[in-house]
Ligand SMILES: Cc1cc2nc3c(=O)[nH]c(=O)nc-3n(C[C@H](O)[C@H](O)[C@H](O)COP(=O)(O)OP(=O)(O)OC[C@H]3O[C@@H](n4cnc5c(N)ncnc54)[C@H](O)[C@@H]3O)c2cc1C
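Presented as structure tokens, the chain that follows is alone, the form predicted on its own.
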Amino acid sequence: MKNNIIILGGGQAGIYAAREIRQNDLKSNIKILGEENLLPYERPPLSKDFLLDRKNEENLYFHSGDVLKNENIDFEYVSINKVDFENKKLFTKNDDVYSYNTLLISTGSENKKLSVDNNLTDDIYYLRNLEEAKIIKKKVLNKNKVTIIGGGFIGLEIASSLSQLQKKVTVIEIGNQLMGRIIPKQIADLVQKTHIEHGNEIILNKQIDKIIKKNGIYEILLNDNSLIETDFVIAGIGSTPSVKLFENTNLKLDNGIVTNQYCETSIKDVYAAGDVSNFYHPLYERNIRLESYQHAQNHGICAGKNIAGVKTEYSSIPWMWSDQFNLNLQLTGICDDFDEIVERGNDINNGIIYFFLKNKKIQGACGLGIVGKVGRDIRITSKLSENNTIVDTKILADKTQKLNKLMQK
């Protein structure tokens, strides 16, 4: 009997895991089960280049069907609604059965939904997948005023794109700053200033009390009794790991599927990777759940290696980015555990980076600048963090000195 490996989830982590398994294991059956009727594709461009017509659908796919066929990786479009870990079986609603020897769960994450009256549920739009991006792209064509609820990465990227399409955009954020969960306030304030300069209205510290639809126009009532009239409403209020399928099983869940540094879950022969995994990071000595392009790719590769018997610890330094207007924001490491902050630069045209240090070692850094201005320093910072380098803060703060000096110390 051949070894059956099933990957549940047809996104980035799943496809990279499958191809990595095949590189190390030429014999096992590999099958990806994806819910979307599409091959795995890139999601970051959906809120940026796809909305702006700089990339079309064909440019988004990681690989063609021929690549998977040549590597003997099966891909099926199917929805699983029951898992039997004890007998290693997956069931569809039609009672079709998939048996596995090893299972990788890469089901990703899903949008949190805005709480509105039932009759308005279909009037609020979200952007998580290609289909949703297509709907928004089509429907905003004849809209003028667009309101985005949520001032995180996705909301601001959409706001930037729609502003460039000459839409009047309002962003409503419940917190006291944009991107509040992960981005330093100094950087968030600079991003806010850029949006305002491009004509976007940013409303902070406000909650939505009610949304009413009148003659095709939406009235959004805020908790200070102010009223916003808009033609179109998009919500980007965060996401949750897609774990509903596993809630009544023995699989350990805690803000996602709990895994160790080898992508192993609490159940033997079951692995998890990507957005859905709350994984142990050996450098930070704690569990982390990440939603980013680089993490989905690298975590999928790590899971693939371990499934194929190549024992590999996942210790990649977290990294994510956001492009808004002509600015590029990059974040590396973690920025919530520090005893010192060092600032490098004071002009976003040339790039500003804030370093977060603990015991003279870089825990994380966040940079903002015109596209191309912070990427190199952020990459070096990731290496310094990965190597646990004790750094000279004078060099960090001095824009005239190159950061790779610290690599040589």
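Small disclaimer: the values here were computed from a predicted structure and weren't measured. Counting begins at 1, following the sequence as shown.
Keep in mind the form predicted in complex with the named molecule is missing from the figure; the text below concerns it.
Comparing 169 to 177, 247 to 255, 307 to 315, 269 to 277 against the named molecule in the model of the complex, the single stretch with non-hydrogen atoms within 4.5 angstroms of it is 269 to 277.
For the options 80, 140, 120, 222, the residue carrying a heavy atom within 4.5 angstroms of the named molecule in the model of the complex is 80. Interface residue among 291, 201, 71, 231, judged by heavy atoms within 4.5 Å of the named molecule in the model of the complex: 291.
Residue 127 belongs to the set of residues with a heavy atom inside 4.5 Å of the named molecule in the model of the complex. The named molecule is not drawn, but in the model of the complex it has a heavy atom within 4.5 Å of residue 36.
When contacts are judged by a 4.5 Å heavy atom cut-off, residue 108 counts as touching the named molecule in the model of the complex. When the named molecule is considered in the model of the complex, residue 63 lies well away from it, no heavy atom lying within 4.5 Å. Using a 4.5 Å cut-off to the named molecule in the model of the complex, each of 46, 154 and 320 places a heavy atom inside that distance. Contacts of stretch 1 to 38 with the named molecule in the model of the complex, defined by any heavy atom lying within 4.5 Å, are made by 8, 9, 10, 11, 12, 13, 14, 33, 34, 35, 36, listed in sequence order.
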